[in-house]
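The chain below stands alone and is given as structure tokens, in the form predicted alone.
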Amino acid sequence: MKMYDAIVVGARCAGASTAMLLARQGHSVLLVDRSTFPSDIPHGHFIHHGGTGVLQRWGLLDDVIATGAPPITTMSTEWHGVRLTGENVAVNGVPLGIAPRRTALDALLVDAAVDAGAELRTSFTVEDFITDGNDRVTGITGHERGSTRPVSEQARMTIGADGRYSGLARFVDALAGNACPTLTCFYFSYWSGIPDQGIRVVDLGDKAIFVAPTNDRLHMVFVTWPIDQAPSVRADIEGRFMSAIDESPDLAGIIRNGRREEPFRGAVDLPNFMRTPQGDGWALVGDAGCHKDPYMALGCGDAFRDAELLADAIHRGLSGEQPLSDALAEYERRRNEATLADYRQNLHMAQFRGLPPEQRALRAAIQGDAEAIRDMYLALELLTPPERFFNPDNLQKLLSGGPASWTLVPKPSRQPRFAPGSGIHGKRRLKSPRPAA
């Protein structure tokens, strides 16, 4: 039986990226997925918060743009009646964001992995995982679509990029910390005939709207509500959706003059957790390792970042540069360090608590100051070092003698409760329920 350096289970955003990076470093990689590509999934697909810079570093940004997804360089956010619009939010040709449909993005990343030398096996269902008789994971067993013949493959590393219901995470019983039950539900569709205004975020206090341009001259339009409203929203999706849009009059005029081109899709099962992402012979990446409410749209950008962190760790371990266990522990530390502050801020925002007073004061102070607004968005989107804008001297100047101490990431007034084993992650080999959207 062939021994791969790595088997990656799940060939979408995180998995295809990890496979590509490992193959580029000369490792033998098997990439498997039960789907074929191109194919769609009902997930958000706004790439920002450093994600566009990663695509450029990988040499893929121009390819993503070539799919017909326009680069996004204008950002407008509205909270508490204050709307701030920043233009030309880009650095050295890297835009603040881009929103390719998953049919285009995932297929492009899979092709990049194959071009790098990864072996691709689609229509393949992973049924179980192999161990060495102790605790070390050594591979997978599964079958191809239309066949009952079991297939086993072995690897020095088995990587779960198989989403929040990760089978590998269940198999190894990966612990989930910083967990919080589902906070919101969301529904979305695609409109034609909408003028491109970049990314727009409108927080209405008890719901929020997100609009961005995507492929085929369409715009994706999302609305999110607190999870306790899910039953009433599901009973009348279009009515509640358009009622929310109407609460922003200028946005309503734009969207109602367009045309919805696809059915509504959405989700009501959006748990928040940070799983232990590594162990003996295994690792988790993307939503399998850390799943977040989509409010801040961190999923794609974080998946790219963590794919780089994991591929770098595995390469150091397999090449003998560092003991593999130490390299994987370093991956976990770096992932946690990179994501925890954003994770907590996202929980805060997904509970519709509004902005803290310091942030509200800053937004009010720079309203009408195009340069300051652009600089703030450049920092928030990690296109420039955040400390270049968010430093006491600059903030004090902008606030005209106001408080010099301001935190980029607000601390929630209360931490969401976490009960281990309360459904955030399942027991070994048990499937988590998948409520229908």
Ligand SMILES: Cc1cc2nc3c(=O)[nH]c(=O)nc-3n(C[C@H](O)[C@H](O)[C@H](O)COP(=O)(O)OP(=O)(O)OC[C@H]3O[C@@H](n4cnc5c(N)ncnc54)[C@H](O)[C@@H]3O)c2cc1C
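Keep in mind it's a predicted model, so treat the numbers as computed, not measured. Residue numbers run from 1 along the displayed sequence.
A second form of this protein, the form predicted together with the named molecule, is not displayed here; the remarks below concern that form.
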property: Segment assignment from 383-391, 33-41, 50-58, 370-378: heavy atom within 4.5 Å of the named molecule in the model of the complex; result: 33-41
property: Interface membership of residue 155, the named molecule in the model of the complex, 4.5 Å heavy atom rule; result: no
property: Non-hydrogen atom contact residue 162 with the named molecule in the model of the complex at 4.5 angstroms; result: yes
property: 4.5 Å heavy atom contact, residue 343 to the named molecule in the model of the complex; result: no
property: Interface membership of residue 281, the named molecule in the model of the complex, 4.5 Å heavy atom rule; result: no
property: Sole residue of 300, 169, 307, 75 within 4.5 Å of the named molecule in the model of the complex, by heavy atom; result: 300
property: Single option in 120, 94, 107, 270 placed near the named molecule in the model of the complex, where near means a heavy atom within 4.5 Å; result: 270
property: Contact at 202, 348 and 356 by the named molecule in the model of the complex, all three, heavy atom at most 4.5 Å; result: no
property: Sequence-ordered list of residues in 1-23 near the named molecule in the model of the complex, where near means a heavy atom within 4.5 Å; result: 9, 10, 11, 12, 13, 14, 15
